[in-house]
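To begin, one chain is listed below as structure tokens, in the form predicted on its own.
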Amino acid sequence: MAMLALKPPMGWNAWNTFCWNINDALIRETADKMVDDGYLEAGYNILVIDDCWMANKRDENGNLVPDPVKFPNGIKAVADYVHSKELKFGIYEDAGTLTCAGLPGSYGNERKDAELFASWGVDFLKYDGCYLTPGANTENLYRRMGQALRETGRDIIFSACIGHDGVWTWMKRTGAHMWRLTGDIFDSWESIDKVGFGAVGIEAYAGPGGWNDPDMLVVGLFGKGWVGEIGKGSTITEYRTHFALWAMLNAPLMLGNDLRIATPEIKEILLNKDLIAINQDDAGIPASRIPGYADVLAKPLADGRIAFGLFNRHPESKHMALSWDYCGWEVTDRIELYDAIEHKSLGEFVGSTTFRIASHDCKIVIGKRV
């Protein structure tokens, strides 16, 4: 089997917008948009069906059954279509007796379900943590599915979605390739800020083969859909900052908006090649806070450059200083800065520089010693 998730996974997941309102046609249309609108070319190569894809009971042989109304041709037919678009196909299950939506969970059926998923051509499993059996060892529940997936002989990325405090300290040893850090994100600045900056300080646990996951992106929801309606919506500026922070954190980039109606402004954010390149950099080193500089992050890149993120989390604009001391360079070094959002050179600087940044906005620059 191949080494998986050497870089943060990128793709699309149905939950944030569609929740239980999923069906065969929607998945096929989304696969088409991922290819036609340049998402696949940009690196988004996984399409994931989340909860609510199955019937409320297993069949007489104990196998999971796709909802016959939503998926009348079964899941394999959908997976085959997704694969025909050169995309990978993902699905959802739960380590408990039930999924979060109350459908059959995998508890006690891990091997059977893993074999079924492999037979359908599943490449990615999002594995939730609702309705866990009282007294069960949570780590062992995830270890059981991780082992079952490996035994299928198929390369399946294992996305652990439990969000318990401290999960980042142990989840990789279950075989997971990414692990949720918190409960669900919502479409609001308060949620983006809390979830995103909650991942700052635990970056030492993430790297090639295993990534901290502060949850799926809410960019472009605009208060619509399940997660959008709960959060009430965010601004274009806040969405841009959201995406930039996830890129700096080496977080998996899993889209959650309706790609069929994405606006040009949202596409510009999601298809920003400079930010995606930071996220997918070969070094796989997540950003960390620069000592002494609140909300300023530094991310070493494989080619010797350093990406810096200055994030204004406050309700008013402010000046924010950037210094590369503590980052491996000398304070006297001359550094050329490139703006990864504006896609332009900012010139050369010695020691430090200052930017004025609007409320909830950010500045992402890449520095190169000259």
Ligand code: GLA
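No experiment lies behind these values; they were computed from the predicted model shown. One rule holds for the numbers: they count along the sequence shown, beginning at 1.
The same protein also exists as the form predicted together with the named molecule; that form is not shown, yet it is the one meant from here on.
Participant: With a 4.5 Å heavy atom cut-off, would you call Val296 a contact of the named molecule in the predicted complex?
Facilitator: Flag for Val296 set to no.
Participant: Even though the partner isn't displayed, in the predicted complex is Asp113 close enough to the named molecule, meaning a heavy atom within 4.5 Å?
Facilitator: Flag for Asp113 set to no.
Participant: Although the partner isn't part of this model, could you tell me whether Tyr92 comes within 4.5 Å of the named molecule in the predicted complex, counting any heavy atom of the residue?
Facilitator: Yes, contact at 4.5 Å.
Participant: Should Ala247 be classed as touching the named molecule in the predicted complex when contacts are defined as heavy atoms within 4.5 Å?
Facilitator: No, Ala247 is distant from the partner.
Participant: Judged by heavy atoms and a 4.5 Å cut-off, are Phe18, Asp187 and Glu229 together in contact with the named molecule in the predicted complex?
Facilitator: Contact check failed for every one of Phe18, Asp187 and Glu229.
Participant: What is the one choice in Ala148, Cys161, Leu125, Met254 with a heavy atom within 4.5 Å of the named molecule in the predicted complex?
Facilitator: Exactly one listed residue reaches within 4.5 Å, namely Cys161.
Participant: Which residue, Met216, Val219, Leu259, Val167, is the contact with the named molecule in the predicted complex, using a 4.5 Å heavy atom cutoff?
Facilitator: Looking at Met216, Val219, Leu259, Val167 one by one, just Met216 meets the 4.5 Å heavy-atom criterion.
Participant: Pick the stretch from 260 to 268, 125 to 133, 169 to 177, 81 to 89 whose residues have a heavy atom within 4.5 Å of the named molecule in the predicted complex.
Facilitator: Going by heavy atoms within 4.5 Å, the stretch is 125 to 133.
Participant: Suppose contact means any heavy atom within 4.5 Å; which members of 46 to 65 contact the named molecule in the predicted complex?
Facilitator: Stretch hits, in order: Asp50, Asp51.
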